[in-house]
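Next comes just one chain, in structure tokens: the form predicted on its own.
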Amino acid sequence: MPEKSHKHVTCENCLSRQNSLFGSFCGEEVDLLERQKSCSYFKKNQPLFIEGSAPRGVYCINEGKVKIFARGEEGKEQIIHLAAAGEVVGFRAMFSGEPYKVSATTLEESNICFIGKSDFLDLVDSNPTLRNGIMKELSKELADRATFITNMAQKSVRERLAFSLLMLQDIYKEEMINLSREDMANFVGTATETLIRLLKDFKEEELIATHARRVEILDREGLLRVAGN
């Protein structure tokens, strides 16, 4: 059986681009972006970049999902963000001049486009709309991260799980949440055994249903109450 490969998607026809940092591009801007990017197929659990490595460019997700995480002293992952189609990953490191502070790995089979560092920085220098979009994205991320950290620091594990499931539903949209129990525990910030026990409790309370490892939200309002929101 032949190795699966990427699907070449032109920037002009890419539906995911419309919701990305490049969504405002048109005409010659799209043509330039098309010439500068390359598409690649990534298997599940394949790294895009690892913590401590030098940034080479940015990754725009056409299809699939990517986890952004850091490792603690004992090597345990703490997932800090899940990126979905339309998101550009790795652009923050372009401006710091420092190695990546986090790692990025695919959660599922993904089609991802890559733009080299110099080409991306040239785009930023020449396109005020892209610059403004990046500033807005960084500002929003700072506010979202503050809310996330506050919630995770002040809530019980049960409340954090409810809060996390609501966030994950927003990421997965019409799909069921499809994360390994270990990844979900690393997102919530708890032990896998504790997560499994709490998921069982939520299932008995008819807040969720499980289908193998997939999680279906049955009662969003109920989860909101549990999360204390």
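From a predicted model like this one, the values you see are computed outputs, not experimental measurements. In this text, residue numbers run from 1 along the sequence as written.
The same protein also exists as the form predicted in complex with another copy of the chain; that form is not shown, yet it is the one meant from here on.
> Please tell me whether the candidate spot formed by R35, G86 and K173 is one where all three residues come within 4.5 Å of another copy of the chain in the predicted complex (heavy atoms).
No: no residue has a heavy atom within 4.5 Å of the partner.
> Does G189 reach another copy of the chain in the predicted complex, with heavy atoms at most 4.5 Å apart?
Within the cut-off, so yes.
> Just checking whether A104 would be counted as a contact of another copy of the chain in the predicted complex - the rule being heavy atoms within 4.5 angstroms.
No, no contact at 4.5 Å.
> Please run the contact check for Q78 against another copy of the chain in the predicted complex: heavy atoms, 4.5 angstroms, yes or no?
Because a heavy atom of Q78 falls inside 4.5 Å of another copy of the chain in the predicted complex, the answer is yes.
> Please tell me whether any heavy atom belonging to I115 falls inside 4.5 Å of a heavy atom of another copy of the chain, as the geometry stands in the predicted complex.
I115: no, not in contact with another copy of the chain in the predicted complex.
> Could you pull out the residues of 112-150 that have any heavy atom within 4.5 Å of another copy of the chain in the predicted complex?
Contacting residues: V124, R131, I134, M135, K136, L138, S139, K140, E141, L142, A143, R145, A146, F148, I149, T150.
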